[in-house]
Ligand SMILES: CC(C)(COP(=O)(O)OP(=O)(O)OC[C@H]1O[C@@H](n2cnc3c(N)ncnc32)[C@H](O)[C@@H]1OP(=O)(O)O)[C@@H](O)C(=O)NCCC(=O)NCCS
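As a starting point, one isolated chain is supplied in structure tokens, in the form predicted alone.
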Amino acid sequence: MLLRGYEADDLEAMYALDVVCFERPFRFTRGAMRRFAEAKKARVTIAEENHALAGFVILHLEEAEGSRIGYVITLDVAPEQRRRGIARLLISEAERQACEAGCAALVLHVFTGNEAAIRFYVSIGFMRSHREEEFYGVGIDAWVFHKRLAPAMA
């Protein structure tokens, strides 16, 4: 498994994978995917196997309440690649990048009905902090999860 940074040529494959991974209203439009992936505050990690997209994570470095956090925009893994540790690998890389950037925590949203994602994030040390009503649209709530990060060693 090769991990690498984002290139503009990755956008179509990322968008196509997001469509496979998420139903409306959880998936991104092509334009939103481009804006998130190409933002100055973005750190995108691509997981590739045999030159094919196996998964990706988009992380944004944000300022919140006087400290820096890493906000996980999305984590996508191709269905045929799941249960192979790719999601863990991608989140681990996002954590490393966030620590390197001086972030105190990683934060993300998960649909309250996505039990598999909830179990995954809890299994890798995320804690649920609160419910955000209608985060994904009318009547579609999200849990907010966070994970404290150890400061990067100089």
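Quick caveat, the model's predicted, so the values are computed rather than measured. We number the residues from 1 along the sequence you see.
Omitted here: the form predicted in complex with the named molecule. The next part is about that form.
A.B. asks: Spell out, yes or no, whether the shortest heavy atom distance between residue 59 and the named molecule in the predicted bound form is within 4.5 Å.
C.D. replies: Residue-level check for residue 59: no, no contact with the named molecule.
A.B. asks: Would residue 88 count as a contact of the named molecule in the predicted bound form, using a 4.5 angstroms cut-off between non-hydrogen atoms?
C.D. replies: Heavy-atom contact with the named molecule at 4.5 Å: present for residue 88.
A.B. asks: Looking at the partner-bound form in the predicted bound form, is residue 94 within 4.5 Å of the named molecule by any heavy atom?
C.D. replies: No, residue 94 stays farther than 4.5 Å from the named molecule in the predicted bound form.
A.B. asks: Counting only non-hydrogen atoms and a 4.5 angstroms cut-off, does residue 27 reach the named molecule in the predicted bound form?
C.D. replies: The answer is no: residue 27 has no heavy atom within 4.5 Å of the named molecule.
A.B. asks: Considering the named molecule in the predicted bound form, find the one stretch among 30 to 38, 109 to 117, 43 to 51, 95 to 103 with heavy atoms no farther than 4.5 Å from it.
C.D. replies: Contact-bearing stretch, as computed: 109 to 117.
A.B. asks: Taking 77, 84 and 123 as the candidate spot, are all three within 4.5 angstroms of the named molecule in the predicted bound form by heavy atoms?
C.D. replies: Yes, all three are in contact.
A.B. asks: Hey, which residues along 26 to 58 are within 4.5 angstroms of the named molecule in the predicted bound form, non-hydrogen atoms only?
C.D. replies: Stretch hits: zero.
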